[in-house]
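Coming up is one lone chain in C-alpha cells, specifically the form predicted on its own.
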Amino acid sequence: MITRENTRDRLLNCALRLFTLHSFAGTSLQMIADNLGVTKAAIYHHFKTRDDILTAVLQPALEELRDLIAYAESLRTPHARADALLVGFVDMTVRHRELIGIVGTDPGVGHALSTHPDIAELFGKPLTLLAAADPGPAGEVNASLALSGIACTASSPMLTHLDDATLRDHLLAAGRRLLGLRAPRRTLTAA
C-alpha cells in the first residue's frame, strides 16, 4: 500500500539523489517529478518550493546535530565536550555521507541555507564547542579544519571504497590529533 509518507520519503530520496548528481540549483521540481513518474502538481502537494524539499531532506541530520550539541554541552569540561562533539560529528558525517557532500560543496545549498538563521546558528555551534578545548586563534583554526576536513573527506568520491567503520576510525583519529584530544581511556572489565 502506498501512503502519503511513502510518497514523501520517495520524493526526498529522489531529491537527494538528484541534488547530488545535478546540484541543488541544477535540479528542478519538474526533474524530481519526472524521475518519480508523477506530475509537478503531485510534488506541490507535499512541498511548496525546492527550498522546502531541501530543508526536509536535511531535517533528520539537523535533529541529530541538535541532539549531539545538547549532549556535548551537558558535559563538564571543554575537552569532554570537544571529544563528544567530535565523535558524534564523525558518526553523523559517515552515516550521512551523501547529504554532507551536498551541504559542504554545493554553493546553491549554502545560499539556500543562509536564508535560515536558525540553521546557520546551529552550524556554528560545533566550531565553538571544538575551539573551546584550545581557546584562541589556533583552536578556532584547528576546529574549523577538523570540521571541514571530516565533512569533505567523508563525502569524497575518492574514498567510497572504504567501509563506514574504517572511515570512522581514521576520521576520528585524525580529528583527535588535529585538536590535541586524547581518546578516552577504556576501562578493563574483570573476566
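Note that residue numbering follows the sequence shown and begins at 1. All values reported here derive from a predicted model rather than from experimental measurement.
Absent from the display: the form predicted together with a further copy of the same chain. The rest refers to it.
Although the partner is absent from the chain shown here, 158, 171 and 177 each have a heavy atom within 4.5 Å of a further copy of the same chain in the model of the complex. Of the residues 62, 36, 145, 132, just one reaches a further copy of the same chain in the model of the complex with a heavy atom at 4.5 Å or closer; this is 145. The listed set 31, 127, 122, 56 contains one residue whose heavy atoms approach a further copy of the same chain in the model of the complex to within 4.5 Å, identified as 127.
Within this chain, residue 164 is remote from the site of a further copy of the same chain in the model of the complex, having no heavy atom within 4.5 Å. The closest heavy atom approach of residue 138 to a further copy of the same chain in the model of the complex falls within 4.5 Å.
Among heavy atoms of residue 13, none comes within 4.5 Å of a further copy of the same chain in the model of the complex. For the chain shown alone, residue 27 is not a contact residue for a further copy of the same chain in the model of the complex, no non-hydrogen atom being within 4.5 angstroms. Although a further copy of the same chain is not shown here, in the model of the complex the stretch 8-23 places heavy atoms of just one residue, 23, within 4.5 Å of it.
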